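Single chain ahead, by itself, as structure tokens, in the form predicted alone.
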Amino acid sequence: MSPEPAFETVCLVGIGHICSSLALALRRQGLARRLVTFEIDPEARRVAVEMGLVDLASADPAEVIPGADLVVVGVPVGAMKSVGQTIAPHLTPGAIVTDTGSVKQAVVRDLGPSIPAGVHFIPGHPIAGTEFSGPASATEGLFVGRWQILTPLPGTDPAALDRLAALWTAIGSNVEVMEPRHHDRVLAITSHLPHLIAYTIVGTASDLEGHLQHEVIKFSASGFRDFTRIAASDPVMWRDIFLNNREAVLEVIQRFTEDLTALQRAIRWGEGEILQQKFTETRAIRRAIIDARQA
């Protein structure tokens, strides 16, 4: 006998890369009896239905949100306020509303006030993804072995939190509960700063003289290729991330700038011991990431 689904109806608000991959995982695991999406892009709606990711795709929130016992908001952080106001009148009492945004304080600020009493609001962030976007980029197993961070607010119903955590665990994620501000500081260094550096390095390459730019592309080594992959991420999403986590991002940029200046000085003055010590320390971090199975 098949196990009972964790949720009767899951509504995905926006059917981009993360939510389409989530739909695929929920389908495979039988964790939702019915999957629907509120999506304004007609092409995304068409692809989502054709791929069998959802049973119904609609640009009308009144058609898909009422009756959903789990609503996952997967839109850029900058759109959270307007989307929250759009979906709020249609939310069912007792439902859980979560999100996939990479900045949590901004989501709490912008989406939280729209959530009516009787609906459980539990912000979340799956630390997974690729540079691709849209429902056609749905990736099977995207969340397996990856972290899902939940940032519940004071007074959150423990049963609702446990129910949401169990869903992510069932699709293979490691679940961590964290305070929103702490999440934003951690992600500023582990995710946001690397993306900013990648955009900067690739931007520098694009500003080179024509013949040099051609050779950079032609002879790209693995390091530069990795930067171009990161820099190919959704520009709207990352614009919103930097603007909505500016305090934490600016803090880590300052620290990074100071460290970069120290390395610049060591190179200028031929201080090989300092360079070797720093590179040895950073190599240990890479080994720790591999040991944690996050490579």
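The numbering used is simple: start at 1 and walk along the sequence shown. Nothing here was measured: the structure is a model prediction, and the numbers come from that model.
What comes next is about the form predicted together with another copy of the chain, which does not appear here.
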Residue-level contact is defined here as any heavy atom of the residue lying within 4.5 Å of another copy of the chain in the predicted complex; does D226 satisfy this criterion?
yes
Under a 4.5 Å heavy atom criterion, is D259 part of the interface with another copy of the chain in the predicted complex?
yes
Report yes if any heavy atom of D234 sits within 4.5 Å of a heavy atom of another copy of the chain in the predicted complex; otherwise report no.
yes
Taking 4.5 angstroms as the cut-off for heavy atoms, does R27 touch another copy of the chain in the predicted complex?
no
A205, V119, V108, A136 - the one with a heavy atom within 4.5 Å of another copy of the chain in the predicted complex
A205
Just one of A44, M51, L56, I253 has a heavy atom within 4.5 Å of another copy of the chain in the predicted complex. Which one?
I253
Only one of 88 to 96, 73 to 81, 157 to 165, 187 to 195 has heavy atoms within 4.5 Å of another copy of the chain in the predicted complex; I'd like to know which.
187 to 195
